[in-house]
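A single chain comes next, written as structure tokens; it is the form predicted alone.
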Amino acid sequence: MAASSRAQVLDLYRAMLRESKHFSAYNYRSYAIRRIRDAFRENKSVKDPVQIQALMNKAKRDLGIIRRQVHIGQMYSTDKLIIENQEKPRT
């Protein structure tokens, strides 16, 4: 994979993770982050430039979907779950 292509993939990966962290619902947020990580790990070994481009196009569409869903989720926000309100233990 060319250096510029690698940088684009990493930028897209970071953008998807960053946007997924804006989900107001804990379950959506954790699922999206887990799914993004799994998908990128699964396709880590792809070397074919055509297939890489197809995967990048799909990821860009998915990023658009994530952004729309985040906005919709913010319009209809709910109370936080108990698991989200817990403070982290101090060491």
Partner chain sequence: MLLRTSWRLVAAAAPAALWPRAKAPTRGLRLRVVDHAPQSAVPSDAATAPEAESVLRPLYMDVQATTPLDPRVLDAMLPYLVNYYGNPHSRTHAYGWESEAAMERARQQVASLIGADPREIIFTSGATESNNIAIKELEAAIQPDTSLVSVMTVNNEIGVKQPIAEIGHICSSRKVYFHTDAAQAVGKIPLDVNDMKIDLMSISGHKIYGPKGVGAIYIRRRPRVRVEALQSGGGQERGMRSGTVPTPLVVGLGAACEVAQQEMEYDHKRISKLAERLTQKIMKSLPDVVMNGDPEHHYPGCINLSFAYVEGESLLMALKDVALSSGSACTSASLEPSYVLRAIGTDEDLAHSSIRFGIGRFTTEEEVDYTVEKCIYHVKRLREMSPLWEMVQDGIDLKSIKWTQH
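Computed from a predicted structure; not experimentally measured. Residue numbers count along the first chain shown, from 1.
Same protein, other form: the form predicted in complex with its partner chain, not shown, and the subject of what follows.
Residue contact with its partner chain in the model of the complex: H22 places no heavy atom within 4.5 Å of it.
Its partner chain in the model of the complex is not approached by A15, whose heavy atoms all lie more than 4.5 angstroms from it. For the chain shown alone, R34 is a contact residue for its partner chain in the model of the complex, at least one non-hydrogen atom being within 4.5 angstroms. In the model of the complex, its partner chain stays beyond 4.5 Å of every heavy atom belonging to K60. Scanning 34 to 71 for heavy atoms within 4.5 Å of its partner chain in the model of the complex gives R34, R35, D38, K58, I65, R68, Q69, H71 in sequence order.
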